[in-house]
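Only one chain comes next, encoded as structure tokens, the form predicted on its own.
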């Protein structure tokens, strides 16, 4: 009875994720932070899994950063998003997948608003028609890109060449997972596991052989929060949030941090460098930081992709210690080479944090 009750409760934390035929919208900032992640997602979905994923080069930002920074009015944001839905409708798709957590949260907010205030939906339809001549259908299924990697994590494992196992010890690698706030804290029912038990990244880590580490500040914000960083005077609060998490996870000696948000990995990665310069403090082994990966980057490593093709050389925290533990094959001489092996030059070495 207890087991059946637990299963029934857990079912309430699940979400429907479409099986195929996705209209994909990229993030406006991710390509600047981690340029290989979205390309890797498309490669995995289309070529490894054989899924139909379409993106329209005419899609735009969702306005999420401007909206959450009180710059873009809500009706303007809704009209911009309605245009994205129109592009999806015109392409013949019904399932929309976002790359960005903030987009996912804002799309969820817009759809919930229209559900409760249908008269506002009609007003936005009129705005879009007057401005662009377009009409749209509401998506039948809205998912975040990490939902899809989670959904097909078993398929990825079946094709894997690497596991989250330390090659030297044979033990599972210790992974810290960090869920973007806009994934499940805004609308818990929209994320796998809700706000209390978010499972979307845990499922990947466990399926691919790793061990998930629990620690006191596991659900604490990374420190981005838009107003906490976009306003320069608030940036001390931003780095303090990340530092609080690093200090909390450090005793458990994690091998990596896995995230599903554009901002979170950027701040966890860059702030480790900043803290090392400010305080002479590092959180990884031997003066290295703790490597921070996006779920696409980790998926690519599991599938045996070249780490430099994944864009891991642009991370502030060196990934080589993690690659060595997993047993990933890589050429260190190609880390800073561009097209046709053109030498791009090495970045300056940080004062404390080991980078190469």
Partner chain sequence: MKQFGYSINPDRQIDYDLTDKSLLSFIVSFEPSLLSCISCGTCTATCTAGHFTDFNIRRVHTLLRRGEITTLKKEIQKCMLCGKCQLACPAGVNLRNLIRSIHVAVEKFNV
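Nothing here was measured: the structure is a model prediction, and the numbers come from that model. Residue numbers count along the first chain shown, from 1.
There is also a form predicted together with the partner chain; it is not shown, and the following applies to it.
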Exactly one of 85, 246, 224, 271 comes within 4.5 Å of the partner chain in the model of the complex through a heavy atom, and that residue is 271
Just give me the single entry in 120, 91, 240, 126 that has a non-hydrogen atom within 4.5 angstroms of the partner chain in the model of the complex.
240
From the candidate stretches 154-162, 229-237, 171-179, 112-120, select the single one in contact with the partner chain in the model of the complex, where contact means a heavy atom within 4.5 Å.
229-237
Using 4.5 Å between non-hydrogen atoms, is residue 278 touching the partner chain in the model of the complex?
yes
Let me know which residues along 334-356 have a heavy atom within 4.5 Å of the partner chain in the model of the complex, or say none if there are none.
351, 352
